[in-house]
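So this first bit is one chain, no partners, the form predicted on its own, shown in structure tokens.
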């Protein structure tokens, strides 16, 4: 797959298989996708104002669907988001109010526009909100027209329900799969959607939709044909959930997870996870990805993946800023590059470093670099002047990435952001001095 001609209807499933992005398919799915342009959708409940990288794997299903000539639909669950999907959950979600859901919907929409082409001439992406139809349906009407088509026995047999029956499942959550099934039916009837996709934890909900369509629409103008395709949930090599850092979810919103921390997340993925992550999250060709997989130093492939994703989700400028910031502590970042980094990112880099705050008058009155690194900074870096002198003479001290060569050097260093000094002692010990007015 090296040129645009390779992206045809018929080889979508072939590409998804190579990328390890197929967990289950209903019979006939591959034949349907090879036969004609197909409308396929994935639902996103707006439970937060941002998607996170756990959602990104399913977004990539829509991306590949569109690249191969099919038409993607992103359903934002303004209605189902009020209930919450019990799939994969051990407890019931907190219910969100309408205003919060609307704000979340807008955030999700803006993020999806970075991946899907809503202005394509032949197969533009479409966004729909299921509140537009559920808001018009009365409770009794829904029970009569939808509830009678699926039995309680059928719904209880779903894994997502069985697992929760042991701990307790409200009727509200139990009804979720019926609502999702109706979504599929509505899109099938009104827009000719024949495919629903999602993560493997959604298999039960999605196949409820195909069964609902088979029972309610069979004999109609679409003859009740609907299909399901799910991708494996992304987990780490140790089996733990992928997409979380020490501080929680890695979000696509820059205010919730900064571009620097987003970039760092990809740089720090485990070597044994790298091949799978490249295939799922990168849009590079098969040849390009296999070339990255064969590099002797996996960090080069990690940097390539981090660059691609940070640029696509944030911007080229954000990537460059994050890349430069990542070299401050253990790289060869030049002072002028450090000075260009914004203060918020700079402080993220320095997070966790031993720090000391001194006044500007203390800084300006420091006699020389030895005084600065011992007495003036309250023994943050060195406990004594003698210790400071010995380390400087051994070439083991830098300030703002500049090696200190003389113990008599004046303490007049340009401050980062006009308020910070980054001190390095030896190869791995870093300290931050904050100068305040």
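Residue numbers count along the first chain shown, from 1. We call the rigid core whatever largest set of C-alpha positions still superposes within 1.5 Å between the two forms. Bear in mind that the values here come from a model prediction, so they are computed numbers and not experimental data.
What comes next is about the form predicted in complex with the RNA, which does not appear here.
- Only one of 314, 194, 164, 302 lies close to the RNA in the model of the complex, with a heavy atom inside 4.5 Å, and it is 302.
- Though the RNA is absent from this view, in the model of the complex it lies within 4.5 Å of a heavy atom of just one residue from 268, 365, 359, 170, which is 268.
- Every residue of the trio 298, 326 and 428 has some heavy atom no more than 4.5 Å from the RNA in the model of the complex.
- The stretch in contact with the RNA in the model of the complex, judged by heavy atoms within 4.5 Å, is 380-388, chosen from 22-30, 48-56, 65-73, 380-388.
- The closest non-hydrogen atom of residue 412 lies beyond 4.5 Å of the RNA in the model of the complex.
- Mapping the unseen interface onto this chain, residue 406 falls outside it, with no heavy atom inside 4.5 Å of the RNA in the model of the complex.
- Proximity of residue 275 to the RNA in the model of the complex: non-hydrogen atoms within 4.5 Å are absent; the residue sits far from the partner.
- Contact annotation: residue 123 falls outside 4.5 Å of the RNA in the model of the complex, judged by heavy atom distances.
- The partner is not shown here, and in the model of the complex the stretch 14-36 never reaches within 4.5 angstroms of the RNA through any heavy atom.
- Taking 2 Å as the criterion, residue 426 counts as shifted between the shown form and the other one: its C-alpha moves by at least this amount when the rigid core is aligned.
- Relative to the superposed rigid core, residue 124 undergoes a CA displacement smaller than 2 Å between the shown form and the other one.
- After superposition on the rigid core, the Cα of residue 32 moves by less than 2 Å between the shown form and the other one.
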